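What follows is a single chain, given as structure tokens, in the form predicted on its own.
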Amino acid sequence: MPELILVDKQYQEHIALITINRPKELNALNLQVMSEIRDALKELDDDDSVRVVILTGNERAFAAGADIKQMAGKSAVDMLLIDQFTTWDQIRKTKKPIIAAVSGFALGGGCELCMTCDMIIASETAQFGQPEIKIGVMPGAGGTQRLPRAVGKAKAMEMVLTGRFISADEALQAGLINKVVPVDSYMTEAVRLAQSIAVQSPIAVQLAKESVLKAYEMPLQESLAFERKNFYMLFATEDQKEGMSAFVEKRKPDFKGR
């Protein structure tokens, strides 16, 4: 059983909730937390009753960064042998969509974990940043790669080289997050977004997510070919037949994930 996260497989119909649960440490991400998140996502990926996952912390902090105490005395060889970023790679391979519900601090590894998710709903108190430069290092879990893709080179460079935090409103304007809402409704809004995805065909959602991610990894012609392959593949599903029949018959589709 996980010790540093809480997992609710049926938080809502077809929606699972993972809550980082280290409130005294502002949900700092140590090796155990990341391993538990990885294992939970793998289990939820294999559970046909789950179609969308929400990842959250608490109102004060989504995750205020990595657990510096765990790294401070390590050598370069130590870090290489620990190979902590393999866990992050495995999290990124989750097939089902992940929504980060963020309030308070999302800094360092916390900001990187948000960007590893597929969508971000933030409360008005959310703050995003990559302050690693202030302790003599740099982002190592995707901050220098995903942040420029989200907010552009200039703002990413400023955030990474100065360690400046940005507010939820600035993050929204920059394209880092999907929506800003009051603190008392950020979880409600994340659930609303999850519900709008959960009613779609699970297979189509997973292949569409995969195709969008490929847009960041491949040249345009290759990613277009990848998209086309996934599009054609969906015509082998029962959900495609149900969806198109429902459209023609002017009724709501009943997707089964087959």
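Quick note: we count residues from 1 along the sequence shown, nothing fancier. Just so it is clear, the model here is predicted, and its values are computed rather than measured.
Omitted from view is the form predicted together with ligand HXC, to which the following refers.
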| property | result |
| --- | --- |
| Candidate stretches 212 to 220, 38 to 46, 22 to 30, 192 to 200 - the one whose heavy atoms come within 4.5 Å of ligand HXC in the predicted complex | 22 to 30 |
| Complete contact of Val7, Val50 and Ala100 with ligand HXC in the predicted complex (any heavy atom, 4.5 Å) | no |
| Contacting member of Ala168, Leu176, Ala141, Met159, with respect to ligand HXC in the predicted complex [4.5 Å, heavy atom] | Ala141 |
| Exercise: Thr87 in contact with ligand HXC in the predicted complex, heavy atom 4.5 Å | no |
| Contact of Met71 with ligand HXC in the predicted complex (heavy atom, 4.5 Å) | yes |
| Distance check, Phe105 to ligand HXC in the predicted complex, heavy atom within 4.5 Å | yes |
| Contact flag, Pro131 vs ligand HXC in the predicted complex, heavy atom cut 4.5 Å | yes |
| Interface residues of 54 to 69 toward ligand HXC, as seen in the predicted complex [heavy atoms, 4.5 Å] | Arg60, Ala64, Gly65, Ala66, Asp67, Ile68, Lys69 |
